[in-house]
Structure formats: structure tokens, C-alpha cells
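Take a look at this single chain in C-alpha cells; it is the form predicted alone.
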């Protein structure tokens, strides 16, 4: 294992009925909150009413800001920053999935600075402070509820950039009630499953280590639990335990623990995916199931031992064929309803030049070495 420093300050409040505690926690950080959410889903499933009731009980003044997209965009985040500054809010309360949480973080950082927030994403400026952030998670996938990362798309340039491990962006408190996820469609849940698995497995596949007993066990255990929970949710969408394990697995998948001490881990599937969802506005998890399968096919010879271990310990596939393991993963994705090809995501004629140019920039920025433009093009062509 390599050296590491780990600090995660987020308080998690997990379980049935915990939304009644939102107001009390918010009141510890101020009396005026910017409530950030998507469109109508939290009103349709009752989450909005529960959160508002709790805020009212604690006499919290609420400024509402809705309309966050599935892939949050820069211009909308800037509108939220302007609103936060206008009303001089004390904190930002995000209610929704990872997209809402990520945009809320951008607003929280931008609300107390005069810089263009895009400078944060292009590494021209560092995020050193932000308004307090509290989250109510309704779509578990990205782990944003317990990490210091955020991702946003500049819709003018079709660039989707992000950052991670920023202490100022860790939520103060995050509320996780599995019952809020009952209303999610199986498609939304499948995309979330792909997202969680990629978060867990990229370091697992890309590491230079031959064995990592603690980290391997952690990653394999959570991945198996998430996959099993996904299948149980398909059978019964209101299976509380399945939803609970799935939700907690999402948080543990990207809160930093899984990547600790792993030598040489990198995020090639993410670097390939960000341009896809930025250009074609598909769900991030849908893009990740496509890029993960393609990346594994392209790199199978270099990482054969890790693929075979994945097959044995997670998929239950006893074989010496990397192709059979990858086929089994692809079959799982197909079974749960997330795509493994461009066409499955509605992308009939991908712009390879644009995809390669954007991904090349991310590979360089994220220090993912050993890939040429020809490699990137070859991987995108596998996705056809």
C-alpha cells in the first residue's frame, strides 16, 4: 500500500423517517437556506413536503432554486450563485441525486467568491472555502453526499469537468432515507448501479498491485452487495433492505475509502465517459456501462489477473478466459437494463474526433498515462 491521508468530515443520518431531522441540522449552520433541487420528482414522491415541514418547524427561511438537469450545466449553476448572493443565504441545502448535489456544491463555492466558477473546473483557481452544504439524497449513485467532489458541464464548449477531495465541498450532514428511492424507475436504478460499480472497480482494475487484501475485500464485498440488491430491486422495487444496501453501497463506493493506499489507480472509464454525456446528454451511469466494457476489452491482456479475480470473487465465474468474464459483466448490464454500446444509449453516429479530443484532455489532466489518441479512438470504436 502507498501512503495516504484520509479525512472525511461528513455526518451521515441514515434510515426511515430521518427527513424530520433536516430542519434541526440546518439550524446549526444558519437561518436562511438556498434549497436546490431538480424538477418535480421530489414533489411527486413527498420528499419536498417532508423537508419543507421540517425546515418550517425550525423557522428556516427557504429560497428555492430548482431545475437542475441530469447533467448539471454551468449556466444554471451561475443562476444559483446569483440567487444565493442576492438573498445572502447562510447555507445550501441540496435535495436530489448526484447531479443536484454537485451543482449545489458549485453554488456553495461560487456564492462566496467573485471568480468565474469555471476557473475552479479548469484548475485556474482552487476551491478553498464554500457555504455549508447539507444534502438529502434521493438517487444513490455518485457518492457526492459523502465526498468532496463535483462535476459540471459547460454546455457552450461541451466540456464536462470535475474535481475531488476538496475539503470545503464535503457536506456537513447528509440524510439517507432508503424509502425516498422507492419511486425511482428500474432504469434510473440500473444507471445508478453502473455508476457505483465503476466507482468501486476502476482502481481495482488499474492498480499496479498484485494483491490488496483489505481494499480488494472492501471493493468486492460492496460490489457484490450492490449487484445483488439491484437484482432484488428488479423483483420488488419497494424491498426496503435491498434499497438500503444499495443506497449505503453507493455512499461507500465513492467516499474515498475504497481508493486508499491503492498504487497506480486511475479513472480511464470516467475520462472516456465524460465527453459522451457532455456531448450527447445521456445519463452518466449509462455512459459508464458502455465505457467500462469497452475499456476492459481493450486492456484485457494487460490486466488479465485482475479481470479473472473480478470474475471469481464478484461475478462467481470460474474461468481462465478474460473474454468470458467480460461477457458475464456485459450480460449483467444487459439484464438490469443499462447499455453497453452507443446504440443502446441512442447514439447512432458518434463524433469520434470530438470524443477523442475531449477525452485526450481529460486523460492528460487526470494524469492517466499510457494512452495515445489512437488508443482512445480504438476504445470508442469498440463501443459501436
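Note that the structure is a prediction, hence the values are computed from the model and not measured. Positions refer to the first chain, counted from 1.
Although it is not shown, the form predicted together with ligand NZQ is what the next lines describe.
Using a 4.5 angstroms threshold between heavy atoms, residue 287 stays clear of ligand NZQ in the model of the complex. With a 4.5 Å cutoff on heavy atoms, residue 26 does not count as touching ligand NZQ in the model of the complex; it lies far away.
With a 4.5 Å cutoff on heavy atoms, residue 194 does not count as touching ligand NZQ in the model of the complex; it lies far away. Among residues of the shown chain, residue 149 is one whose heavy atoms approach ligand NZQ to within 4.5 Å in the model of the complex.
Listed stretches are 106 to 114, 121 to 129, 149 to 157, 224 to 232; the contact stretch with ligand NZQ in the model of the complex is 149 to 157, by a heavy atom cutoff of 4.5 Å. In terms of contact with ligand NZQ in the model of the complex, the residue from 253, 275, 72, 80 that brings a heavy atom within 4.5 Å is 72. 68 is the sole member of 35, 51, 68, 325 with a non-hydrogen atom lying within 4.5 angstroms of ligand NZQ in the model of the complex.
Although ligand NZQ is not shown here, in the model of the complex the stretch 184 to 223 places heavy atoms of 184, 188, 195, 199 within 4.5 Å of it, in sequence order.
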